[in-house]
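We begin with a single chain expressed as structure tokens, specifically the form predicted alone.
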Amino acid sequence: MMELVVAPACSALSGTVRVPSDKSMSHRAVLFAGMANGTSLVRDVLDSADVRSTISALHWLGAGVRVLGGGPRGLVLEITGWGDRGPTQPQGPVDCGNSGTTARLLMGVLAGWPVRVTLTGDSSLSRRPMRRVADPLRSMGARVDMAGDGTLPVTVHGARLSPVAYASPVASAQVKTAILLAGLRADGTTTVTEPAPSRDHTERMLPAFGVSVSRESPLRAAVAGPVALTAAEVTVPADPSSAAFLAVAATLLENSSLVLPDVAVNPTRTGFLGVLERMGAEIVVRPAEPMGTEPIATLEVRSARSLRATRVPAEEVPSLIDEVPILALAAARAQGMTRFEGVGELRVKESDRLEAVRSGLEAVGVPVRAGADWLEVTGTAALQGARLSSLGDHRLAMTWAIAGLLAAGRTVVDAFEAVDVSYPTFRDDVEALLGRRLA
């Protein structure tokens, strides 16, 4: 495991950086291209461990993937999909690594084809719940075998599918997408209704691949099958979740001035901006030319004079679930007590993020309390350096690194290599913006 030592910041965070491409959209663009008839061109694909898991899975399932180039903006891929012939039977299990998106979306993709595929993952992914996807797929006619506690390994026995009108008990873009992708193989209309809006990248991107998606409201999406995807050209914008970590760092470090171009500002992803603005952050959102159907903007961030506590209600959480750890760190420097409600989903992420945030903030001297699905953070004037662990969770690794810049004394982040899941160049970018090494 890699250990990162962080010294207190002695300079502002200043400059311009294009954060890595969006992870959620990269997964979908690569996967949809692998499902399509013809050859797609996908630009600026996030080159991270999670997305590599999806690319590897496509290879084992019979899609052709060529890397045409790469650079700071991401990979350029030429992908020839399996199209009407369907995925091929792999010789062994398909390893999804640490990627819940890969595993859950593939369950939906495979459910309607005559294949038998076992999906596996690392120890962290193998603790994450898969029953929330398996149950609706079973109702459509697929056979899905799981470990006794509803986790990986999962074996999908594809079958002829019937459409379903599914009322999801959770707002989850992964669950929604898996069901819609299975619905592409069903004879009729498959509908998913959610209790709150979740990320809608699937609904926005499928039409580029020739599939119409009906959206009666932000809570409901439907596809009519059977239908095949056709090849497309897609460019992936910068990841708002990755941008959030640098935006909070610039907000909290005195005299900072940061510019983040090409950031996706899809309203299902930008809840963190609303929370930071309520707290008193100085962030200007300058709209730019859209990328396909995804709105794009440049974020300009200056350090805040002071921050005040706020309440984050449950209905706001689906639009910022991945940013709760870094928002909790912002709350640690705000005046008053900030309460996050309806955040129980954090307990089934790469780690028990809710408990990890509570214990990590407590370790650096922040008054914090947590329940089954809530978190309360009381702002404090000073943080103290401590030894913290990412627990193999990329969001925690970045949060604790930024905490180290704010804390007195030395902070050590164990298992820092977890950042490779979504932001492999995080350390390099932070050091460039600081003008010095972290330690």
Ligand code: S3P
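A residue's number is simply how far along the shown sequence it sits, counting from 1. Keep in mind it's a predicted model, so treat the numbers as computed, not measured.
Another form exists, predicted together with shikimate-3-phosphate; not displayed. Remarks below refer to it.
The stretch in contact with shikimate-3-phosphate in the model of the complex, judged by heavy atoms within 4.5 Å, is 173 to 181, chosen from 253 to 261, 173 to 181, 360 to 368, 211 to 219. A residue is said to contact a partner when one of its heavy atoms sits within 4.5 Å of a partner heavy atom; T101 meets this definition for shikimate-3-phosphate in the model of the complex. shikimate-3-phosphate is not drawn, but in the model of the complex it has a heavy atom within 4.5 Å of I321. In the model of the complex, at least one heavy atom of R132 sits within 4.5 Å of shikimate-3-phosphate. In the model of the complex, no heavy atom of R185 sits within 4.5 Å of shikimate-3-phosphate. Scanning 21 to 35 for heavy atoms within 4.5 Å of shikimate-3-phosphate in the model of the complex gives K23, S24, R28 in sequence order.
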